[in-house]
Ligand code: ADE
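Coming up is one lone chain in structure tokens, specifically the form predicted on its own.
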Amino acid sequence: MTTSSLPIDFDAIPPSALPDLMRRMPKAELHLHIEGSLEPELIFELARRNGVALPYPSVEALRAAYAFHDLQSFLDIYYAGASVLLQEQDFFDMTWAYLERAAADGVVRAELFFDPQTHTARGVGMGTVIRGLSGALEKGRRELGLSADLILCFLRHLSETEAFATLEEALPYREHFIGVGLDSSELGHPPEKFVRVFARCRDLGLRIVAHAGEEGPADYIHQALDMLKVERIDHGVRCLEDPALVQRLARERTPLTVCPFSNVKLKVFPDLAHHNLPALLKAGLAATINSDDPAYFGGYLLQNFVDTFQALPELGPREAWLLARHSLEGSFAPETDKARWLKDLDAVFNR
């Protein structure tokens, strides 16, 4: 377990103080799909702006449709919502809305996933997508003091050939993204399907992450580690099915970007009270809390923290500090920034 550089008396912190501590503590969001932050109100605003007809009569009707029984049923409506994103300004507005919420939640570092294939397949140019997103990140750095970068994700239900084409199309904008990931429908699309394109990405010096072990089995986590050479596992909650894998993840300090609301919405766990986050931490894993697709799953980062801790009484101030520390350490931010944030984190808990 990671230890603090300062002596923190966690037992002296009353439970009533925890929500405010979780808001004030500096933390990183490492698993956020920016298209999944698109709120129904903004979807309708962009639809009007771009003349897009939506299959829902109102904001309320669209929000009511957010009832998912598995990952695929969520993805169906997720891609429908993304259809309103057509102009550079649309991507900027979506990203800026998220950054304002993240800053209010105490996020100091955000690493945003984006899915270019969702947009290029609709005729939206790669430059339109990336310029809109990166423009908002630059404003966030300047006006909010929020460190943020982009991670390009390949859609795993598509082919590796299409992933290669997407990578080549994105390379003229290489300075605007720091890494690549793998998302979309997990079952039936193992990491081994993308070995060659991830090797190419590593050769380019890109950071490497991948979704594994949410709906898919623990073996997908092994594949992501051994075949794709990932630095982080996105989700990873099913690792507990494989004791040897748990020992490896703990030994190698591989961050797990856990998303509690997502796991409940997509029926990985029946409710937050049955989530395995306490077991992950008890096993010495570098677990973090993230919001995944907050507009669809019911809350942004702070709400994920607060509700998860309320549902799991074994989690307290020590675990909040540990989760925040894992997130900062597991980010791809410069080491000087990490050191500053970690010092600030200890200060919050020592007040």
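What you are looking at is a predicted structure, and each value in this text was computed from that prediction instead of being measured. Start at 1 with the first residue shown and count on from there.
If you look for the form predicted together with adenine (ADE), you will not find it shown, but the lines that follow are about it.
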Every residue in E29, R109 and L137 with a non-hydrogen atom within 4.5 Å of adenine (ADE) in the predicted complex? no
Any chance S184 has a heavy atom within 4.5 Å of adenine (ADE) in the predicted complex? yes
Heavy atom to heavy atom, is H33 within 4.5 Å of adenine (ADE) in the predicted complex?
yes
(message) Even though the partner isn't displayed, in the predicted complex is E214 close enough to adenine (ADE), meaning a heavy atom within 4.5 Å?
(response) yes
Practice task
Check whether R232 has any heavy atom within 4.5 Å of a heavy atom of adenine (ADE) in the predicted complex, and answer yes or no.
Solution key: no
Interface check vs adenine (ADE) in the predicted complex: of L272, L225, A82, L71, the one with a heavy atom inside 4.5 Å is L71
The stretch from 42-50, 286-294, 320-328, 57-65 that lies within 4.5 Å of adenine (ADE) in the predicted complex, judged by heavy atoms, is 286-294
Across 317-334, the residues having a non-hydrogen atom within 4.5 Å of adenine (ADE) in the predicted complex turn out to be none
